[in-house]
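Starting off, we have a lone chain in the form predicted on its own, written out as structure tokens.
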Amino acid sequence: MHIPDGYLGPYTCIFFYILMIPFWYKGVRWLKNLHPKQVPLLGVLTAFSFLVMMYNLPVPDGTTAHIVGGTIIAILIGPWAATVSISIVLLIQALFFGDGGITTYAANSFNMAVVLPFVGYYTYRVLRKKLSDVAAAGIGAYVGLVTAAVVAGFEFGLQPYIQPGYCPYTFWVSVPAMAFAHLVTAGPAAAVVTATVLWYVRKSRPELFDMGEAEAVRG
């Protein structure tokens, strides 16, 4: 899902940098009131997100997809924490590993550090009223990841209309390609991993789960 340099035009890249400023500002301010006991957990989950994003899953159409880990951070600590955490991971990957571009960094942050954790978290909040926390978390991760992929597809598909010469594929190609890649591989993987991590935390450290519920609501 990482968008490399050269696929989004300058207007789109500038727009997302401006758009992300209030999200980054709000996220950093939110973290200042984070409970001290949750700081180590945030560090572990940030490292976990970095790790899982480095593993690309093959897709039948010849491309690859990957999970992100933003939904589990949003559930256990809060969606604003996920915004900052995933943004940091994406910055490190762009600067040191060439995974995602510098010009497209803000667009990638919007997709994976805003759309994904917030959609995943609120899907979880709605579904947990009827399902178990574990099942709701898995579905939330699935929905959040696929939604972020579709949003990225729209960003690709917009380029031929506003700045030709960058991504050449219109919505009719880019959106189905992004959606399919994450519906069939990364989405199910994200659901299983998120549900497993939440189950383990609830079983081994229930106080962290309860604390995360309170912190998430604060946001």
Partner chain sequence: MDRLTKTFLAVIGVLIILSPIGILLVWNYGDAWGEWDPSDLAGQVHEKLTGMEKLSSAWTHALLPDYNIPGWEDKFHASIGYIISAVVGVALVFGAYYVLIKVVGASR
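Nothing here was measured: the structure is a model prediction, and the numbers come from that model. Residue numbers count along the first chain shown, from 1.
There is another form of this protein, the form predicted together with the partner chain, and it is not shown here; the text below is about that form.
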Close approach of residue 93 to the partner chain in the model of the complex, 4.5 Å, heavy atom | yes
Is there a heavy atom of residue 188 no more than 4.5 Å from a heavy atom of the partner chain in the model of the complex?
-> no
Classify residue 122 as contacting or not contacting the partner chain in the model of the complex by the rule of any non-hydrogen atom within 4.5 angstroms, answering yes or no.
-> no
Does residue 192 reach the partner chain in the model of the complex if we count a contact as any heavy atom within 4.5 Å?
-> no
Of the residues 151, 177, 158, 183, which one places a heavy atom within 4.5 Å of the partner chain in the model of the complex?
-> 177
Taking the partner chain in the model of the complex, which residues along 165-184 bring a heavy atom to within 4.5 Å of it?
-> 165, 166, 167, 168, 169, 173, 174, 177, 178
